[in-house]
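Below you'll find only one chain, the form predicted on its own, shown as structure tokens.
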């Protein structure tokens, strides 16, 4: 995986900062990332202690949160969470694997994938073909009519991976995708993400604290936990 010598980055981060204002007026700084350039087909892991901003970074990259400072460029264009087109862009361009899986509980595995395909604008017949192919590869074909509650945790996470990559988005974000899995299932889910994103040349960015997962990714971004500031801008002891 990787970029050709003349290829422009798919994603570029410049002087990114984010903080949350607390009820008492203090500010909680949760993210600082000065620069990052990432290309189609790359896979990078984002690591750091709890509170270092891993999930916040993924939310910013998905245009769910507007950063306090800095800029994120996707394919040369600035991302703006508040822009009216951001939801449509997200549906077409981003696949998201949530830490808590977040499958729709009242629908079967196959229906979850088809709903995602409809939101992403994939024609029904193509979505059905792609969904069945993915479920077959992920060992879930025989479970396609089951609702999430009838699946094991590993099966639910594999279904979430299938849903995220159904429309072969250019950007796939995974938030602690192996956090609740045993070592065997964690390896399987990591392998699937790397394999499927490599095939579609999607840029894969995964937030993780798992040392075994970090070692599987060619690139690693380490985030540091930042200080909480009071309303005068001084560090809270």
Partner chain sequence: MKGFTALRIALRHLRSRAFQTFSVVSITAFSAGLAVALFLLAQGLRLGLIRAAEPFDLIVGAKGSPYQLVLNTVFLQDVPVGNIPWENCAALSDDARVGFAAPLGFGDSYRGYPVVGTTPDILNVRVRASDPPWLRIGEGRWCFGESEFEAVLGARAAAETGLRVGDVFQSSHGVVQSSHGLAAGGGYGHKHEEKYRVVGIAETVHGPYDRAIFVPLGVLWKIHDPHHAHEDEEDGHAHEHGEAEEAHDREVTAILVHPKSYTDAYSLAVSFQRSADKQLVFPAQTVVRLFSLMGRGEAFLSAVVWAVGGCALLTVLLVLYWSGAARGRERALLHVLGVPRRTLVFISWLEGTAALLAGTLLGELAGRAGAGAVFALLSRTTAVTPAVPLTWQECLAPAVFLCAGSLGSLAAAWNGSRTHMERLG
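Predicted model, so just to flag it, every value in this text is computed and none were measured. Positions refer to the first chain, counted from 1.
Heads up, the form predicted in complex with its partner chain isn't pictured, but that's what we're talking about next.
For the candidate set 212, 28, 64, 168, a heavy atom within 4.5 Å of its partner chain in the model of the complex is found for exactly one residue, namely 64.
The partner is absent here, but in the model of the complex a heavy atom of 91, alone among 126, 91, 73, 132, sits within 4.5 Å of its partner chain.
Site residues 100, 104 and 118 are all in contact with its partner chain in the model of the complex, judged by any heavy atom within 4.5 Å. At a distance threshold of 4.5 angstroms between non-hydrogen atoms, residue 111 is in contact with its partner chain in the model of the complex. Contact between residue 147 and its partner chain in the model of the complex is found at the 4.5 Å heavy atom cutoff.
Under a 4.5 angstroms non-hydrogen atom cutoff, its partner chain in the model of the complex has residue 163 among its neighbouring residues. For residue 87, a non-hydrogen atom is located within 4.5 Å of its partner chain in the model of the complex, even though that partner is not displayed.
Note that among 56-64, 43-51, 179-187, 194-202, the stretch whose heavy atoms approach its partner chain to within 4.5 Å in the model of the complex is 56-64.
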